[in-house]
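The chain below stands alone and is given as structure tokens, in the form predicted alone.
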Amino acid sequence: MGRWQPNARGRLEQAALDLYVERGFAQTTVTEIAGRAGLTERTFFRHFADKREVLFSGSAELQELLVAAVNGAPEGAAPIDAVAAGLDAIGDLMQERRPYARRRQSVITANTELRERELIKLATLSAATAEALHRRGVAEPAASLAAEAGIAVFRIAFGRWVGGPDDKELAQLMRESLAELKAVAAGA
């Protein structure tokens, strides 16, 4: 094995997901992931803290994009509309990764530890969104309520997107879920 291999991170992510789908998360070892990717365990640990993090490695990028879009929403936008701008941004990013997202979600759904990690990721996204709203001048509890509602919209729409037919994009499903939430809140 050479000292340097191009796209080691991507190869590790793909090898891990393939093995998790084939064998199950709990039955897959870091040694097997590294071997499937043609790399060493040492290389694996340069990129990931543990085998769970392979499935959550895009969380920071997702959070940055969401926060940037909330920050960039038009001045004077209602808090929920600023959150909607963030949801649109992440919907566009994730749309091209639908096949990967479906496989990833099937692995997460099958494992309690991974479902807990997913909830932590969503809580982190909510906290970052609330902080972005604070920077826009939104006070509590409005900032936290809008952020939590936005992440709930994301979670519901994401579930429909990965589990449903290919006829709708994630951003569209999030807009529909947000409209439904607004209708519920309005008492319609």
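Only a predicted model underlies this, so the values are computations on that prediction, with no experimental measurement involved. From 1 onward, residues are counted along the sequence shown.
There is also a form predicted in complex with a further copy of the same chain; it is not shown, and the following applies to it.
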(Q) in the predicted complex, does Leu62 come within 4.5 Å of a further copy of the same chain, counting heavy atoms only? (A) no
Q.
Is Ile156 part of the interface with a further copy of the same chain in the predicted complex - any heavy atom within 4.5 Å?
A. yes
Margin query: Whether Pro6 contacts a further copy of the same chain in the predicted complex should be assessed with a 4.5 Å heavy atom distance threshold; does it?
Written below: no
Examine Arg160 and determine whether its closest non-hydrogen atom to a further copy of the same chain in the predicted complex is within 4.5 angstroms.
-> yes
Contact test, all of Pro79, Pro141 and Ala149, partner a further copy of the same chain in the predicted complex, heavy atom 4.5 Å: yes
Within 4.5 Å of a further copy of the same chain in the predicted complex, heavy atom basis, the matching stretch of 53-61, 22-30, 35-43, 118-126 is 118-126
Of the residues spanning 168-186, the ones with some heavy atom within 4.5 Å of a further copy of the same chain in the predicted complex are Ser177, Glu180, Leu181, Lys182, Val184, Ala185
